[in-house]
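Here we start with a single chain on its own, the form predicted alone, put down as structure tokens.
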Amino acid sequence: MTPFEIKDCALLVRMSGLPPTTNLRELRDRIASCTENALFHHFCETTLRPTFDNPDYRNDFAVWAKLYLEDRVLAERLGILDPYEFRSLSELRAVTLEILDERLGEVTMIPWVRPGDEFFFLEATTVVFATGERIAHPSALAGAIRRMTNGSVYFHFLEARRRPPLWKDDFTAWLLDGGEVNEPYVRALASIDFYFHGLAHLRDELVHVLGGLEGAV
């Protein structure tokens, strides 16, 4: 097998240019018109930010609905969305809008936030760089992941799932190139319910399931 090259990444975050969001109606309208980059950032890149430390929900919209709109019903509905289940961001946007439209039809008064608690839509550029480290054999994967930064775990195990044509994490894509002998590793990676983990917990889970194969393969 060709050695696996470990990469790392960081986010360069910027304002999207959309006006601040102050209520539920504006949230719906901003999500309808924001770029896919902004949608991706608030759904998928949240775990890479150091301030996003194991909240109740994994996306910024659900967190804002809970903390500032004080709408736990909406927060729960948005919070269960797994963006990696959708092949395209347009599908994710459509389902998100359906949830918001449904909630707008249920409330008698549109909730507003206090001044200073507005939602600001952001976009980000992902800067990827080589670490110089390589993994020569699947048996070394658990040890290598244990030493990886959050940026490497995110880039290889989460962000990779949005990349066509494979739509798979980088570890699985690498293992598949090695044929059937790597099937136990592939199954172990597939067993992880990854989206609702913070990156530190996700790293521990990866090390746990892959480390359990040492000596068995």
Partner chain sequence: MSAPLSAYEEIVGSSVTRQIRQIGEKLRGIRIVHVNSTREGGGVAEILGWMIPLMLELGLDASWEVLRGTPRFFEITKSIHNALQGGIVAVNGKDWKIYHDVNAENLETLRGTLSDADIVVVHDPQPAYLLPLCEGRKGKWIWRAHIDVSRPFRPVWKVLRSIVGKYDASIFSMAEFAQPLPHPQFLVPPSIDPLSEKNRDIDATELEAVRGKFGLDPARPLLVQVSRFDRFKDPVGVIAAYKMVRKVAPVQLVLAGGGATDDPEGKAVFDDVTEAAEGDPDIHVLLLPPDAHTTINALQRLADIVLQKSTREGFGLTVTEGMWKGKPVIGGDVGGIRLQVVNHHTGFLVNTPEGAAHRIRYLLHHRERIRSIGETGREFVRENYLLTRHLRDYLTLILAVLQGDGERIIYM
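A quick note: this is a predicted structure, and the numbers were derived from the prediction, not measured. Numbering follows the first chain given and starts at 1.
FYI, the form predicted in complex with the partner chain isn't displayed, but the following is about it.
Chemist: Can we say E45, T131 and R163 each have a non-hydrogen atom within 4.5 Å of the partner chain in the predicted bound form?
Modeler: All three within 4.5 Å in the predicted bound form.
Chemist: If we take heavy atoms and a 4.5 Å cut-off, which stretch out of 184-192, 151-159, 23-31, 171-179 is in contact with the partner chain in the predicted bound form?
Modeler: Contact-bearing stretch, as computed: 151-159.
Chemist: So in the predicted bound form, is the partner chain close enough to G105 to count as touching (4.5 Å, heavy atoms)?
Modeler: No.
Chemist: I'd like to check something about V207: if you look in the predicted bound form, is any of its heavy atoms closer than or equal to 4.5 Å to a heavy atom of the partner chain?
Modeler: V207: no contact with the partner chain in the predicted bound form.
Chemist: Taking any heavy atom pair closer than or equal to 4.5 Å as contact, tell me whether A200 reaches the partner chain in the predicted bound form.
Modeler: Close contact is absent here: in the predicted bound form, A200 is far from the partner chain, nothing within 4.5 Å, heavy atoms only.
Chemist: Would V95 count as touching the partner chain in the predicted bound form under a 4.5 Å heavy atom rule?
Modeler: Residue-level check for V95: no, no contact with the partner chain.
Chemist: With the partner left out here, which residues of 91-122 have a non-hydrogen atom within 4.5 Å of the partner chain in the predicted bound form?
Modeler: Going through 91-122 in order - heavy atoms within 4.5 Å of the partner chain in the predicted bound form - the hits are R114, P115, G116, D117, E118, F120, L122.
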